[in-house]
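In what follows, one protein chain appears twice in different forms, each by itself as structure tokens: structure 1 and structure 2.
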Structure 1
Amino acid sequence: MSVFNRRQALGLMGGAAALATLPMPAIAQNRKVVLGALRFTSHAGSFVAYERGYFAEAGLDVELKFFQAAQPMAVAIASGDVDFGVTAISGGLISLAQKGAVKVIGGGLSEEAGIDGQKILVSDAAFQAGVTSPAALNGKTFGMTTAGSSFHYMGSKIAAKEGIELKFKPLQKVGAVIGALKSGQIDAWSIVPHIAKPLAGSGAVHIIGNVADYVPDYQVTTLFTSEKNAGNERDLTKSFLSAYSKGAADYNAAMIAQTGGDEALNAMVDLLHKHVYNDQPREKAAPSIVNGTMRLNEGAALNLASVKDQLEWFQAEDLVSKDITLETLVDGSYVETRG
């Protein structure tokens, strides 16, 4: 079975809008840039900008480098093998930022009202035993990939708000968490809707709540680059962000606003199918691509309040050093920030 990384899974919730706030920078001089990507729709901004030549217009000779998981992508940025990437904020990303290796420069995807967000799931056994709302999760086990992953963060936020205790079970991979949940080895988990819904449909698990009720305006994924690019290559970084934002805007327009109708939607699915679910025939891949639709952050806007909350949680859990400031993690000078 193909095992999803959770950030890859989150990536399936893509969607973005035009980057009005970003001034088009001076054309860079055909710079060679490596862009880390996962084969998921949350990376649609990258794929569209690449396929439609927005990167080339901005003077960037982009090479896509595909990863199986987001964690190695963050490490590859730190090692200088990759210039830009998209992933969730994890303890690993923060630690790499602390070591002066990476910097968050923009938003990829956040939970927002009106768009289906991440779901809280419980196993059938737990559901039958009466766990029908998050408040009943006291003392139950909650699945996560690793300590300091966003699952850990979400679970903690749920527990804190309900005033309950959760036992976290690290299982390394999303596939392992799904297996453990289905077989009742763990009681609860949270995951993006297009994974949550089919699971719940099978009857093996049940949806008992929305993460958005516990983590409002959750900034799920961010754009990040090496500190060197963020600090010393401002033109390059600006060129990248504007080209990426154009791609994200195209995606949001075609898939969410559907301004171009079915024709534009199909064209977008064709484009994405080159990179996403490309091991499946178009007719099988298309529903998955469409179901994975999420709005990407317009203009790569970043919810600083959510990032700050996440950073503080990591510090409170003693997962990362207390010395790290928001400025160490984020360079907010590139995109519109909130909070």
Structure 2
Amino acid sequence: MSVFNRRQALGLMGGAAALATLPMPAIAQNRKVVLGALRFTSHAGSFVAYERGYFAEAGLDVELKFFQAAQPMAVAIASGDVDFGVTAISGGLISLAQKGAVKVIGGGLSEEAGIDGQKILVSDAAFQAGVTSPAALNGKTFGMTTAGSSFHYMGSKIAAKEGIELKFKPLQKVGAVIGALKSGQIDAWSIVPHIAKPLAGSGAVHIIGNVADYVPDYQVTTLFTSEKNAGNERDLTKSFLSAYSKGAADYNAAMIAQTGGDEALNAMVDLLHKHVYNDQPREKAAPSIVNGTMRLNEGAALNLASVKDQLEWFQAEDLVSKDITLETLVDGSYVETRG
């Protein structure tokens, strides 16, 4: 197995049915673990497990490390700067998996029928010019962080189903995409509801569709780690997944099922506000956090059919090698898989 440092990793860029029921491995030695995350509500499983001590109970001394996009997190996993990550599948992650650097080990967030999901947005200028549905996006610019990102995948799926062409514009960071959309420098974008709805509420952009109509049952984010952890540190990896799954279950109970009523929902908003929209007052951040509610995969279960579809798209677009197999990308021995 190859050992990757940061320079090498950057160069490469250019089953359990319910984990919460698993016995916790006896590794409680305050093992230091760096967990990669984005400041999105979709990363709630990590934030809840961190704040409620589930990682600590598993013997893990977790440090949260925040990123602006998916691909840099994959690089950090490969170089050893980060131990576990939760983010969308990207071309960079797949290429690193081919080199024996990373493995997908579970599912994070999925599009699900009946639960509000990711939105398709257009700038006010585009909307006023008649772009009021995805079918009207032909020839328009679509924002993404980088080529081979989840935004690239979603935009391409929308274009294919509508029989149109999009001009993709890479802007590196989510914040830059938001700025470009609000100012009309790009015409369209797709993003999770906790970002989409406040943007639409400002009047600077408009919602014209749902990603789920174009990518049903989309495995939006996955949990991943290094090949070394997946292959040789099974107790560590199981402990991480079990603790994360407890956090995800708490989130789903409070925000989806709402079994604890308003009190539990408000407590969850307070917890998430420490990490999501934490630069805003709680009263301003709360509606956005609630708007971002999407179900997290129970037990970190993984939709393999969706992962396979994503891999095949990356290969069809010549963004990754056609020699990469699903088994190269995924270690399906840790969680329940379907598809």
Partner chain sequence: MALETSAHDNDTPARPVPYRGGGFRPRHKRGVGLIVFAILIAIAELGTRQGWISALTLPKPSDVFWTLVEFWQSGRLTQNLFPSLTRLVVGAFLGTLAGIGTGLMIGLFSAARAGFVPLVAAIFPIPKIALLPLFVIWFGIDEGSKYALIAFGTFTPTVVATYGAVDNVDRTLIRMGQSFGLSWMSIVRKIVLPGAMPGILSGLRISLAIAIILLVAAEMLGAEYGIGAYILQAGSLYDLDRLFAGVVILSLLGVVVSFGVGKLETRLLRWRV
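All residue numbers here refer to structure 1's sequence, counted from 1. Superpose the two forms; the largest set of C-alphas matching within 1.5 Å is the rigid core. Note that the coordinates shown come from a computational prediction; the quantities given were computed from them, not determined experimentally.
Asks: Name the structure that matches the description of the form predicted together with the partner chain.
Replies: The form predicted together with the partner chain is the one given as structure 1; the other form is structure 2.
Asks: Quick one: core overlaid, is Lys119 moving 2 Å or more at the Cα between structure 1 and structure 2?
Replies: Comparing the forms between structure 1 and structure 2, which are aligned on their rigid core, Lys119 does shift its C-alpha by 2 Å or more.
Asks: Aligned on the rigid core, do the two forms place the Cα of Pro198 2 Å or more apart, comparing between structure 1 and structure 2?
Replies: Result for Pro198: yes, a 2 Å-plus shift.
Asks: How about Val174 - superposed on the rigid core, does its CA move between structure 1 and structure 2 by 2 Å or more?
Replies: Yes.
Asks: Could you tell me the distance the CA of Gly163 travels between structure 1 and structure 2 after a rigid core superposition, in angstrom?
Replies: With the rigid core fitted, the alpha carbon of Gly163 is displaced 5.2 Å between structure 1 and structure 2.
Asks: How much does the C-alpha of Asn210 move between structure 1 and structure 2, in Å, given a rigid core overlay?
Replies: On core superposition, this C-alpha lies 3.6 Å from its counterpart.
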